[in-house]
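Before any questions on how it binds or moves, here is one chain, the form predicted alone, in structure tokens.
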Amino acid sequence: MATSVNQSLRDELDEVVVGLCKGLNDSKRLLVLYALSDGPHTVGELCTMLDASQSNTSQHLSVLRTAGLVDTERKGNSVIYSLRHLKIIDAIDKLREIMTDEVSRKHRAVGA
């Protein structure tokens, strides 16, 4: 007989989907996170690093901030963005490893 999934786990996973997954579901946002893994940056610096417009970069940063993935600090007229949780890069790297493994598996299956 199968056991039911704990309600606390269900609630926590709902929060993961609503918060973190929304923040991670765009490749440009992932690039922003990787850029911030080197240290704090202003929007302008991130725009240069990512070859993206200020409005687009600001929109992505807003989503990441709402998801709890980045922090802000005001210094004079500038807003400095930084990663709130450095572990998020490890998590993204693990997802990339899984994707690479899956792509390899599919290639082997096609070649078999």
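One rule holds for the numbers: they count along the sequence shown, beginning at 1. Keep in mind it's a predicted model, so treat the numbers as computed, not measured.
Another form exists, predicted together with the DNA; not displayed. Remarks below refer to it.
J.: How about Arg65: is it within 4.5 Å of the DNA in the model of the complex, going by heavy atoms?
T.: Contact check for Arg65: yes, within 4.5 Å of the DNA in the model of the complex.
J.: Residue-level contact is defined here as any heavy atom of the residue lying within 4.5 Å of the DNA in the model of the complex; does Asn25 satisfy this criterion?
T.: Heavy-atom contact with the DNA at 4.5 Å: present for Asn25.
J.: Is there a non-hydrogen atom of Ser53 within 4.5 angstroms of a non-hydrogen atom of the DNA in the model of the complex?
T.: Judged by the heavy-atom cut-off of 4.5 Å, Ser53 is in contact with the DNA in the model of the complex.
J.: Even though the DNA is not shown here, does Gly39 get within 4.5 Å of it in the model of the complex, heavy atoms only?
T.: Residue-level check for Gly39: no, no contact with the DNA.
J.: Using the arrangement in the model of the complex, list in sequence order the residues of 67-91 with any heavy atom within 4.5 angstroms of the DNA.
T.: Read in sequence order, the residues that approach the DNA (within 4.5 Å, in the model of the complex) are Arg74, Gly76, Asn77, Ser78, Val79, Tyr81.
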